[in-house]
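Just one chain is shown here, as structure tokens, and it is the form predicted on its own.
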């Protein structure tokens, strides 16, 4: 039987994942108590499978070992937090950065600076308890829907000869959804202002 690419660290990966999820649940409770709204639509979490991690090592030309999996690639632990509004993404980001025993190692704001294909999301690499790295993706419902459909259309299907047109249409859809996100945020802010409890 092949030795685990995570070596003896699998329990620590699970503990780090649980720690992050417990922190996110605490954040949700706190915000719901303060604002009576839930900032998170849903949350997905996983430890990358052995096969996926080995395949990623091969793709990146790295040795298939524990050092590559935990120190170089840094996404063995993954959490996707799907938020209701754009402002919620940044609120959750701020709370995560303030969690004890969590340190932001890297962050990329693909919401303010979308990828050329239209992809939008906020990415964080956290180091938990000075040991385990975790990738956190924060996005709105619209961003999550687009990313899922784009992945399915582009990577799961044979595109054929219409690649350029499909990419242009996907980008257009991403821009339209981003515009809708901004409009929904504006409406929400107006409602909160009228109630006298704006963010």
Ligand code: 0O2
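Numbering follows the first chain given and starts at 1. Because the structure is a prediction, the values reported are computed rather than measured.
The protein also exists as the form predicted in complex with this ligand; that form is not presented, and the subsequent description refers to it.
Remark: of stretches 164 to 172, 131 to 139, 63 to 71, 34 to 42, the one touching this ligand in the model of the complex is 131 to 139 (heavy atom within 4.5 Å). Using a 4.5 Å cutoff between non-hydrogen atoms, residue 93 does not count as a contact of this ligand in the model of the complex.
Taking the partner from elsewhere, residue 85 is found to have every heavy atom lying beyond 4.5 Å of this ligand in the model of the complex. By the criterion of a heavy atom within 4.5 Å, residue 127 is excluded from the residues contacting this ligand in the model of the complex. Proximity of residue 117 to this ligand in the model of the complex: non-hydrogen atoms within 4.5 Å are present. Contacts between stretch 92 to 110 and this ligand, counted in the model of the complex as any heavy atom lying within 4.5 Å, involve 108, 110, listed in sequence order.
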